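One chain is shown next in structure tokens, namely the form predicted alone.
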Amino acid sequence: MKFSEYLKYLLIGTFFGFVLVKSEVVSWFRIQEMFRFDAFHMYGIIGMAIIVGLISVQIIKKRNVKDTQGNPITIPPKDASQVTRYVVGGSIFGLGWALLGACPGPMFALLGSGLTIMLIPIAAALVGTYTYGILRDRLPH
């Protein structure tokens, strides 16, 4: 990959982080409001993200969109026999989100906005990802 492509992704990621901070998606108080069902703010943003995702996937499927290397993007169907896996994985993700007050993407936006305490969960996420990489062949998939 060329430096200009890395720069492009860095700029897009920085802009996305800016949007997350300004829309208060990374605010621990907004996340707490969501889990306490006190405000609609986060549900509205998540709902819009789902709608944008659904539309995007349909466009990718109908127009045979290609990735940056020119390969067709394929989206395989979900395996219905793996429902337990999805429920357990989603529950673990949600529990971590509720305990930390941030999901993986916003952790970097929070770090960038000056919350250096986010170095701890980022390090823990990296250790967890590395551990999964080591154990992946021994885990049921």
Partner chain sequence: MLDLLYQPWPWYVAGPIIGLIVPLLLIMGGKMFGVSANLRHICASCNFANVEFFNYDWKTAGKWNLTFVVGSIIGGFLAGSVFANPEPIQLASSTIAELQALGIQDFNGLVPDDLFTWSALGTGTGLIVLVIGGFLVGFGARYAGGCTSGHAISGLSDLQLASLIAVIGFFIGGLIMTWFIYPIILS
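Positions refer to the first chain, counted from 1. Not measured: the values here are computed from a predicted model. Rigid core (definition): largest C-alpha set, two forms, superposition within 1.5 Å.
Missing here is the form predicted in complex with its partner chain; even so, the following discussion is about that form.
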4.5 angstroms heavy atom contact with its partner chain in the predicted complex for Q69
yes
Is N64 one of the residues lying within 4.5 Å of its partner chain in the predicted complex, judged by heavy atom distances?
no
Residues of stretch 118-132 in contact with its partner chain in the predicted complex (4.5 Å, non-hydrogen atom)
M118, I120, P121, A124, A125, L126, V127, G128, T129, Y130, T131, Y132
With the core lined up, does the C-alpha of Y130 move 2 Å or more between this form and the one not shown?
yes
So that I can tell if G114 moves, could you say whether its C-alpha shifts by at least 2 Å between this form and the one not shown after the core superposition?
no
Distance change of 3 Å or more between the C-alpha atoms of G90 and G53 in the predicted complex: closer or farther compared with this structure?
farther
Closer or farther: how do the CA atoms of P77 and Y9 lie in the predicted complex, compared with the form shown, if the change is at least 3 Å?
closer
